[in-house]
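One chain follows as structure tokens, the form predicted on its own.
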């Protein structure tokens, strides 16, 4: 029996997250939590009232970010994470709200704990970069 590839290697993370369908489920949970939990009101106000495009963009971005197909680029073009958020004032508070909301969404998925830990560690990197550039 062969050992599963390590997260971050090839498309191992994308596959472990359930491919595009699994990532869309994660993103939908993320935005559902953001939309209803007052702990995330600050970051919710940074988004449009209708979240359909936000859901699509994050799901497609995460597909490529996790080593799967570059669906965001195919549909929306090239992206720089800090640049896309340049119009926002992102402090440690907003960064931490976003990561906490994502942690809550990850906990509701049928992901192994090791994947949840890995994703939170990895997502903290671009979240901090956004804060550094956009604070």
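Numbering follows the first chain given and starts at 1. Everything numeric in this text was worked out from a predicted model, so none of it was measured.
The same protein has a further form, the form predicted in complex with a small molecule, not shown here; the description that follows concerns it.
The closest heavy atom approach of residue 123 to the small molecule in the predicted bound form falls within 4.5 Å.
Interface membership of residue 39, defined by any non-hydrogen atom within 4.5 Å of the small molecule in the predicted bound form, is ruled out. Within this chain, residue 79 lines the site of the small molecule in the predicted bound form, having a heavy atom no more than 4.5 Å away. Contact check for residue 88: a non-hydrogen atom falls within 4.5 Å of the small molecule in the predicted bound form.
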